[in-house]
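Here we start with a single chain on its own, the form predicted alone, put down as structure tokens.
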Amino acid sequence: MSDSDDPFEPRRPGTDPERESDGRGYLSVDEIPETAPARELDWATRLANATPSLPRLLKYAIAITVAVLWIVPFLGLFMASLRPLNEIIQGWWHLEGMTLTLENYQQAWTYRTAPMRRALINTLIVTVPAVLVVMLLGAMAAYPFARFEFPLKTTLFFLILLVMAAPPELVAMGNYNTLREVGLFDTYMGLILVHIGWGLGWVVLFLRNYLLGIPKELEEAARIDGASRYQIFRTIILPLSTPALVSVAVIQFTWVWNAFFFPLVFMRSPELYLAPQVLPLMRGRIQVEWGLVAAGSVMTMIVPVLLFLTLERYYKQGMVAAVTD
């Protein structure tokens, strides 16, 4: 038996052992088909294979049902904001003779006692510093808990978790008199400090879990190159923590922006009212102006929604990594 007849010798793709057209095991140009080979499976079989199983189909049905139940109230709110009161008084789902108008948004934007224009600016003034400071302080506090060993580490971390378990009423009671004594009651700065203290606990816990997943070898290599702890934190830890920081920013922004209890307790001047405080004032005295309240609600919620849609990709990365690690 010759070497070429060895049955254990690997052959090149397209080699026919009984017919070698060009002497090297390849098809000649004349033998190459003009059309592509037919699919092994017909459309009916492929469709049957793509059809989900019964358990997965039930999961899809449950997910779609929950999504619809979640969207329907928002759809009703949005429809009420675009239609006159006499058309939605019997239900927004009646679409006969529907009239779409932006009058409710115009009235809410320039409302006489508490315009939404001023309230949104006030809310932005409070929310942006509260988010940025919490992100910075949370990262600076989470890094030692994730990397260093120091006395009372477990005790301090437990105290941080204890702040998360405290109800907002307890935080308000402890800070009400303090803010009045130091002259920060009914000011933006006082409300910002309350939001920072309230949100710092969960931010430290969230970022600590994320930092535990960053390899220590990166920091050790930087230490060998002569980098200080500050340089490591600024040039390695913070850039690698971008997804987690974005997740913190989105969640903290949503909480502070939609907060009603803290502004209600610590803000008393009408010109300093935030958007959640303004919405109840649009109800009216004789009858509830549902279209006006709906328009103000849509304008209030559109900012966090747009922020989430813009940072959705980073938000998912940070949430998955923090929970997994």
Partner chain sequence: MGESTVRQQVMTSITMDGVSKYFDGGETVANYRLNLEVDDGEFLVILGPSGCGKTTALRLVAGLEEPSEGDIYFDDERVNRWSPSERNVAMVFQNYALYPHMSVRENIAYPLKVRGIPPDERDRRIEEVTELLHIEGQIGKRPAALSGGQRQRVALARAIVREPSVFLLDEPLSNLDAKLRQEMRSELKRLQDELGITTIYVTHNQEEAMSMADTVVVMNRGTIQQISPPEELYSRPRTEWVARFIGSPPMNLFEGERRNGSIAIGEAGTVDLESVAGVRGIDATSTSTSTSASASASLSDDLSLGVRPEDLFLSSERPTSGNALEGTVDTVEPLGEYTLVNVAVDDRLVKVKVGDADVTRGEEVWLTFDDEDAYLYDENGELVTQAPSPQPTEGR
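Computed from a predicted structure; not experimentally measured. Numbering follows the first chain given and starts at 1.
Not pictured, yet referred to below: the form predicted in complex with its partner chain.
Comment: its partner chain is not present in this chain, but in the predicted complex one of Arg117, Arg180, Arg223, Lys153 has a heavy atom within 4.5 Å of it, namely Arg223. With the partner omitted here, the residue from Met164, Leu218, Met98, Leu136 that has a non-hydrogen atom within 4.5 angstroms of its partner chain in the predicted complex is Leu218. Residue contact check for Leu245: none of its heavy atoms lie within 4.5 Å of its partner chain in the predicted complex.
At the 4.5 Å threshold, heavy atoms of Gln231 reach its partner chain in the predicted complex. Using a 4.5 Å cutoff between non-hydrogen atoms, Ala172 does not count as a contact of its partner chain in the predicted complex. Taking non-hydrogen atoms only, Pro239 approaches its partner chain to within 4.5 angstroms in the predicted complex. The stretch that touches its partner chain in the predicted complex, counting heavy atoms within 4.5 Å, is 231 to 239, out of 164 to 172, 82 to 90, 99 to 107, 231 to 239.
For the partner-free chain shown, nothing in 50 to 77 comes within 4.5 angstroms of its partner chain in the predicted complex, judged by any non-hydrogen atom.
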